[in-house]
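One chain follows as structure tokens, the form predicted alone.
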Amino acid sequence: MEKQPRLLASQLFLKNSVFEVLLNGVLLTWKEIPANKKVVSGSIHHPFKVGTSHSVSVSEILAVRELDVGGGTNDDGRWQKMPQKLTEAYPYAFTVSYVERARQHRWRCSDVTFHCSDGALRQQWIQTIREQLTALTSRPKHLLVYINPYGGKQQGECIYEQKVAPLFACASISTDVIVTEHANHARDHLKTEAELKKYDGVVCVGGDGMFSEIVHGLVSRTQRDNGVDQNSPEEKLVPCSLRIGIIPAGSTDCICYATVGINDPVTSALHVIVGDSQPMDVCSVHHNNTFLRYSISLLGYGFYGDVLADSERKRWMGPARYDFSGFKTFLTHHHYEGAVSFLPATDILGTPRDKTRCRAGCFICQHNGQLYSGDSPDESKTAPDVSDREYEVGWGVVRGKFLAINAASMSCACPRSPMGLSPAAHLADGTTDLILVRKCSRFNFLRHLLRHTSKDDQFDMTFVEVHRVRRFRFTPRHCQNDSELDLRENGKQLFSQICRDHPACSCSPAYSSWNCDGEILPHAAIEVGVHCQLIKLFARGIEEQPLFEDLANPPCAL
């Protein structure tokens, strides 16, 4: 690594000691000077002298501001009590705000205040640091913020005003804030009214549903502006230029957890401020050449579709409805017949069972993303007719009775399921992990569900198979010769002959529902394609935990 030239080096006062403070294009470093030793210019920074030496990346400095030592306050209005001797000897001070890492991927804003002997030196430090921050072109300066006041515990506005807005103001980020008034308010505003050229990014304060609104609005607007037909499953979509930030204020916040490692508003706000960028894949879902929805995390048919459909009828229960519906769906143990055809992802790095986690700077995402951008010839091949041959043009077909069909475009990890549905799934490799759970006993299915909370191989079961795919198509058995299945129109007819509410008769419904990121799709027969790195988030992926933190928190023995 090329050595960075010094921009500034001075002896400044900090915490009753004199420090050698050094700034180059990469780091701001301050090292305590021993009182009984003569200072040697250019002394070497030793990172393992805990308590005497500190370094902060310039890219993670949030702001620098002048401190009025005599008046006792800084420009934030916070009162500062200064010792009399310090005030007399070092009457000029400035404060640097920066990112400090805590445990479990949590970020915090910390301040360090340096005291100078003259005003010219202080201004030199402030000006030089600000010049370095201005040169960071990836940082946003103007953001469009949508707040969902109804999501989660209805704390969206409070979270933004108390925890996020002060940080944006500290970093000199201007914002236009819109508090949504109804469902799809943000989506419709982005699609039609928002002047996107004014902004460097879009931030949503809410849960996964709010994030999905932002994605649908932004992606649809981008395709419309570029003349792309979203109704064509074969169309290559244009990536969005604006990054999206997520301030978690929902019930699960799966997207935030999978891209940052924790659901914490302050941590997410700091990722926005430093201008992080994490590309993400997006799946488009079609039925008979008609666009239905985009999916970012999970598409689930069978178990997860039934849980969502049942929970929607019990919204009066609040968040507890998910646990109740999950338990009820597990007991009913319905299976569904159909055929899944899929285009495997070939010539890529990584498999769903290789135990390689997607982390910050993921090499697999970088490699496979570059490979995907080369337009593989298999991409243009349409799905085969599942009623004809088992294999056609590189596509595979699996028929059977399924308890669950899941497509995970990320690990789908959350605090309640730290490993997620597919622990080795990647955020930006142009694929989705297609998980097929065949009909089995309740006991075996329970074993499969419990694997989501353990470190065991989730797919090491005879009734479970997983494929890393670029496209797939599902056709229910009773629909294989039909041109269209619309559950909204035919629902009464389809379910009139099914004893769904009477498990004693051991009847199973013919069709389930697709759970698309928490929304029910109106069709059972769908075609899904993965669009590599279609959007970008203000995130960097989950950072590897420091070694000392792992040793301090050994796994608990059961």
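Residue numbers run from 1 along the displayed sequence. Please read all numbers here as calculations on a predicted model, not as lab measurements.
One more form of this protein should be noted, the form predicted in complex with a small molecule, which is absent from this view; the next part is about it.
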| item | value |
| --- | --- |
| Site test, Glu181, Gly209 and Asp253 vs the small molecule in the model of the complex, non-hydrogen atom cutoff 4.5 Å | yes |
| Among the candidates Pro476, Pro233, Gly201, Gly151, the residue which, in the model of the complex, approaches the small molecule to within 4.5 Å (heavy atoms) | Gly151 |
| Selected contact from Glu60, Glu519, Asp68, Glu32, since only one has a non-hydrogen atom within 4.5 angstroms of the small molecule in the model of the complex | Glu519 |
| Proximity to the small molecule in the model of the complex (heavy atom, within 4.5 Å), stretch among 126-134, 396-404, 210-218, 428-436 | 210-218 |
| The small molecule contact at Phe291 in the model of the complex, heavy atom, 4.5 Å | no |
| Any non-hydrogen atom of Arg315 within 4.5 angstroms of the small molecule in the model of the complex | yes |
| Partner contact for Tyr322 in the model of the complex: the small molecule, 4.5 angstroms, heavy atom | yes |
